[in-house]
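Starting off, we have a lone chain in the form predicted alone, written out as structure tokens.
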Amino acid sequence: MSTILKKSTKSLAGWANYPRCKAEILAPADRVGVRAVIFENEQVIARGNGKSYGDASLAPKVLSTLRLNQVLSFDTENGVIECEAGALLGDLLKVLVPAGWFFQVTPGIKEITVGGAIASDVHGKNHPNAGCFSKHLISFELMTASGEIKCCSRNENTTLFWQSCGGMGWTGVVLSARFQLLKITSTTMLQKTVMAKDLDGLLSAFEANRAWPYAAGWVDCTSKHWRGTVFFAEHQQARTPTNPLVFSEAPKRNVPFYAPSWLLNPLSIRAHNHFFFNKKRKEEEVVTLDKYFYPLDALQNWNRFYGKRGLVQYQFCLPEINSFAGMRQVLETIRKSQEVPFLTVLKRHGERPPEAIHSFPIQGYSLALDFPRTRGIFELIKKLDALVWQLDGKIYLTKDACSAPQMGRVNPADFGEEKFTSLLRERILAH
């Protein structure tokens, strides 16, 4: 075993704190160490910063990529960066933004790794225009079960390239990646806020504002008609470009301990939603990149609000033809249960390229619902799975903790390699 390998054993979970497992964490500092971990362990799964919600990167043996975090090259003229898989988006922003570049696609938190972005093929608030992370991925290096390093791109090892994008780490360990960035001239966004008194109004707002490149909606699931707010945005163009640009982050607050499990209940969630909906906002205002793209990062360890029991996120996408009626059916099913989501996010998605076989979004709409993990949540998930399947929808495997095996519309058996496995893969294969 490599002398530069760090080892530890601990109880491990994703961001939702459910499920948990005892895992040996193996953290190599270079690709020699990665190969040693692969050779010396019968089964293993790569893990980045542990921000996926369910059991995606959980296994008895975990290969941490966090020490593989170097920027290898940065073409500041053309906006192409190459970095190791364990580099965090948040750290990359400190390099990219001053040079006038931003991510083409970014999820709602910046403390994820580039390797995790590939494994989940993450999407953002601009999917109809920009697609998923894979659309801007030029190439990556992948270490397979044999220890061989393969360069994967649209022209080389193409099948492996698309199997790995959204492939949950089941094809191997991403070592490094090159991807295209987005040119910006300022670090501010023009944000437009549209409030709607019901679900139809929310969906209509998305349709009427398709010209805005970024959009994400918040839904109040405690209100009678599912009122909410949609936040649209576009990058502001600076009249006099500043060089270098400054990436400003909101002051960070911390949730220092796990809240008691009773804190989040239907009454407290209703009170929170009432405050959020009625908060005074300008119809249009200028906000920072950090405030628009990464609002949750301002509150560290916010998952502790759910207590030690953790949470279950249910994120699903419906095809456009079924979205309007289907969303209402799903929300009505939730209302008939005793479960109340604390946070609900609505997004519109564009057409998925046929080669992006494992990407989550399909042309239509998605909902992401964060539920406190109660005794009844698993029964509700079964009902939601059946309904979403009937509506030709699918779930996001990166957020999955307990859905039916077919719901991601991905068959882990198709990956072949038994070396790279996780609790998620084993759970699906067991059925």
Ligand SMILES: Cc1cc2nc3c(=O)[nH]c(=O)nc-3n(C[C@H](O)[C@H](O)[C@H](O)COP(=O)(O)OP(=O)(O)OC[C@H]3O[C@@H](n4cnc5c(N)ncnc54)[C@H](O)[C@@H]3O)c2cc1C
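Residue positions are given as counts along the sequence shown, with the first one as 1. This one's a predicted model, so the numbers in the text were calculated from it and none came from an experiment.
Although it is not shown, the form predicted together with the ligand is what the next lines describe.
S.K.: Are any of the heavy atoms in P319 no more than 4.5 Å from a heavy atom of the ligand in the predicted bound form?
M.R.: Contact with the ligand, no.
S.K.: Using heavy atoms and a 4.5 Å limit, would one call P341 a contact residue for the ligand in the predicted bound form?
M.R.: Result no; P341 lies far from the ligand in the predicted bound form.
S.K.: I'd like to check something about I45: if you look in the predicted bound form, is any of its heavy atoms closer than or equal to 4.5 Å to a heavy atom of the ligand?
M.R.: I45 belongs to the contact set for the ligand.
S.K.: Are any of the heavy atoms in A59 no more than 4.5 Å from a heavy atom of the ligand in the predicted bound form?
M.R.: Residue-level check for A59: no, no contact with the ligand.
S.K.: Taking the partner as it appears in the predicted bound form, which of 106-114, 194-202, 178-186, 153-161 has residues with heavy atoms within 4.5 Å of the ligand?
M.R.: Going through the listed ranges, the match is 106-114.
S.K.: Going by heavy atom distances of 4.5 angstroms or less, which of V71, L190, A250, L296 would be at the interface with the ligand in the predicted bound form?
M.R.: Checking each option against the ligand in the predicted bound form, the one that comes within 4.5 Å is L296.
S.K.: Go through M168, L289, V312, V230 and name the one with a heavy atom inside 4.5 Å of the ligand in the predicted bound form.
M.R.: Exactly one listed residue reaches within 4.5 Å, namely M168.
S.K.: Can you work out whether the ligand is within 4.5 angstroms of a heavy atom in all three of S120, H123 and K399 in the predicted bound form?
M.R.: Yes, the whole trio is in contact, each within 4.5 Å by some heavy atom.
S.K.: In sequence order, which positions of 160-191 have a non-hydrogen atom within 4.5 Å of the ligand in the predicted bound form?
M.R.: Result: M168, G169, G172, V173, V174.
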